[in-house]
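Here are two versions of the same chain, shown separately as structure tokens and labelled structure 1 and structure 2.
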Structure 1
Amino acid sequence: MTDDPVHSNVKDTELIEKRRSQMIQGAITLFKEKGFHRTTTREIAKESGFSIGTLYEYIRTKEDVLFLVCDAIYQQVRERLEAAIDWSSPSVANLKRVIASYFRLMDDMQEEVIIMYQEVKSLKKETKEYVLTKERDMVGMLEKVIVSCLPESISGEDAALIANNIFVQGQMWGFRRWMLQKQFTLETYIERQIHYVMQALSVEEKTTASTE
């Protein structure tokens, strides 16, 4: 696929970014209320603050809007992870910060993530594969952080599995927050999940020993 798989008749990149941002926020509001299939492009245009004609200057189909929503979610995940990673001084503490940052983002974006997983099946095969590739990229970032922070403590295969576990644990808070909040605050959830990750990585004891 191209760098911008959603066709636009407008050439002004700043205007495209502005309008699509409005479109994404409008669509998320409607998808929360009605779901993807029951939402019309006319409703998306109205919620976004412009006409249906203007909407079709920036997209071709309603599926394009869903793609933009999914793409925006993954972009925010990437930006949050990149902001938390300190490649110049990788450490166990840095890994913990990255995991905590990711979990907090999943709390911030709970409704968006739920919408994405509920509706991504509505995307065409090629577009769905593009979105799933973005997810693999996010997991790959976590895997790279794990290997960087613990170069002598874990194999590449184990790092890949742990990265996937972390990714799912963050999403679990989003999907099951309604139940988990009866027992845990977000910070307690983060603390306990990081504890179990460190146990799986067998570094908690080594870290403690090195500071004694």
Structure 2
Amino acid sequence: MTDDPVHSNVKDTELIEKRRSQMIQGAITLFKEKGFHRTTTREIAKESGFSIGTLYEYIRTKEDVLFLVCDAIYQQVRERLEAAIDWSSPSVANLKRVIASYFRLMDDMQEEVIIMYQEVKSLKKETKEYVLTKERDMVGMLEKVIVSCLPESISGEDAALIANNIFVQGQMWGFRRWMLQKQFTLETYIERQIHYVMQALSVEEKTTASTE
């Protein structure tokens, strides 16, 4: 949200920040419930606590709301993921911790992730790419953590693919909860997935991941 691609009639940037944040909050609540297409702009305005007219002072089209929502979600995921990474002391244990943190983050943000999975496609090409770039960045972060934490080097392709697998498996915990969360607790899911990842990375595991 550093430079803003969504136009607003209002000049006061602090107010924009505030209203947009209300808007995103409201919209996420509704999108969780009914998805983007079934949610009306009036509902968004109401849920956000202001009138339809005011809503349109801060955006230009309904799609802008979707963009702001997607952007905000990615932003949040990214920030929390960054916060979970300790670049100062790379180690396998550290890698495991990062992965576990990421999974817990995905558990926290299940609904948001579902929104992204299902609605990003409704963005127009340009904004969609803008958003997907952020996703790529995050996978890139995981990849870097993997590379830096391993004692032995690994092929770039392997790192990239495993990072991608981790990323997806995190999202799936929420997206396929109707399936997974009936068979697994979050902790066992994390433990098992980390275990597979370690094997894929050919890391000897003496102890199970001691997670937070």
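Fair warning: this is a prediction, and the values are worked out from it, not measured in the lab. By rigid core we mean the largest C-alpha set that fits within 1.5 Å across both forms. Just so we're on the same page, residue numbers count up from 1 along structure 1's sequence.
Between the two displayed forms of this chain, it is structure 2 that matches the form predicted in complex with the DNA. Superposition of the core reveals a Cα shift of less than 2 Å for residue 164 between structure 1 and structure 2.
For residue 151, the displacement of the CA atom between structure 1 and structure 2, after superposition on the rigid core, amounts to 5.5 Å. Taking the core as the fixed frame between structure 1 and structure 2, we note the C-alpha of residue 13 moving 3.2 angstrom.
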